[in-house]
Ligand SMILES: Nc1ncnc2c1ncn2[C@@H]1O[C@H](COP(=O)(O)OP(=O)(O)OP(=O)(O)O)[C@@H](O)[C@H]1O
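In structure tokens, the next block holds one chain alone, the form predicted alone.
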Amino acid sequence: MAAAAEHVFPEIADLVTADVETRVRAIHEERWVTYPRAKEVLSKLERLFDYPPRSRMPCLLIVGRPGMGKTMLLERFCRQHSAVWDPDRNCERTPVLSMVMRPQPTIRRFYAQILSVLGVPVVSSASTIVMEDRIHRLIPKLGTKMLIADEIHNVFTASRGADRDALMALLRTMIGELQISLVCAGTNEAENAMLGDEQLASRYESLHLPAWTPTTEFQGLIGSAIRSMPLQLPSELNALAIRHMVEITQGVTARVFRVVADLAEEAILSGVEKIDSRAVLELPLAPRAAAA
């Protein structure tokens, strides 16, 4: 890579010399940005994925407020284990089955959603027993090793008690019978509800994604975000700017990336071509909701 582009990630080095319009558009394109906490979560998921089948499979609950990157990390993991065609079995192998839990889920809706994700037509007249049987025959055939349920808090915050209890009981038996791991992601409400169930609590390990604070780890996140921007000059933020970045984003990962992208766009359009501490410190604090 040319010396002039050593301050950005190698995969975007060629963009540094592109025209303004191309670089501004590239800033807002979705791309994966690695950072230490993301590596930790992905490593944990890989270990779970490689776990040998057994009757009591380990499970994981990823907990964090909205915007902390739970869905982004799960999508990254799913892309690394995407479905592939198996010519010997004449079917698609689906090692990871991922779904977003919808509000007010019932067992029937849950089964229908799994079949839909697998691309299997759902007959409205089919009974839950028929749907269950089809899923239990399909998942081993597809080589599924992990089920991911994002937005798991929807089960607890929007479901009737009977539906919620039945669905969680189903998940417990399902992962045991199919010998697959279950990864759930949701807010603190999900953790509180799941840890209140003794059988669920014994199966899950909780992995927290707390709001960022002005630590060395947060500096690494900021550094990675900036290195993913096609700026022509290296950027450097002092400790005061780092603390201010935490304050204006409230330590939420999605907001951090959005602020860095906006600063990078302004740096390109103004010709400054770098993000400096002054630009960060000039950003106003977001108004906080008034206390009730």
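Position 1 is the first residue in the sequence shown; the rest follow in order. The shown structure was predicted, so the numbers you read here are calculated from the model rather than taken from an experiment.
There is another form of the same protein, the form predicted in complex with the ligand; it is not shown, and what comes next is about it.
Checklist entry - With the partner removed from view, which of 48-56, 29-37, 262-270, 235-243 is the stretch that lies within 4.5 Å of the ligand in the predicted bound form, judged by heavy atom distances? => result The contacting stretch here is 29-37.
Item to check | The unique member of Gln104, Thr71, Asn192, Gln80 whose heavy atoms fall within 4.5 Å of the ligand in the predicted bound form | outcome: Selected option: Thr71.
Next on the checklist: Can you tell me whether Arg65 touches the ligand? I mean in the predicted bound form, with a 4.5 angstroms heavy atom cut-off.
Outcome noted: Residue-level check for Arg65: yes, a contact with the ligand.
Next on the checklist: I'd like to know if Asp163 sits close to the ligand in the predicted bound form, meaning any non-hydrogen atom pair within 4.5 angstroms.
Outcome noted: Flag for Asp163 set to no.
Checklist entry - Any of the heavy atoms of Ala254 lying within 4.5 Å of the ligand in the predicted bound form? => result Residue-level check for Ala254: yes, a contact with the ligand.
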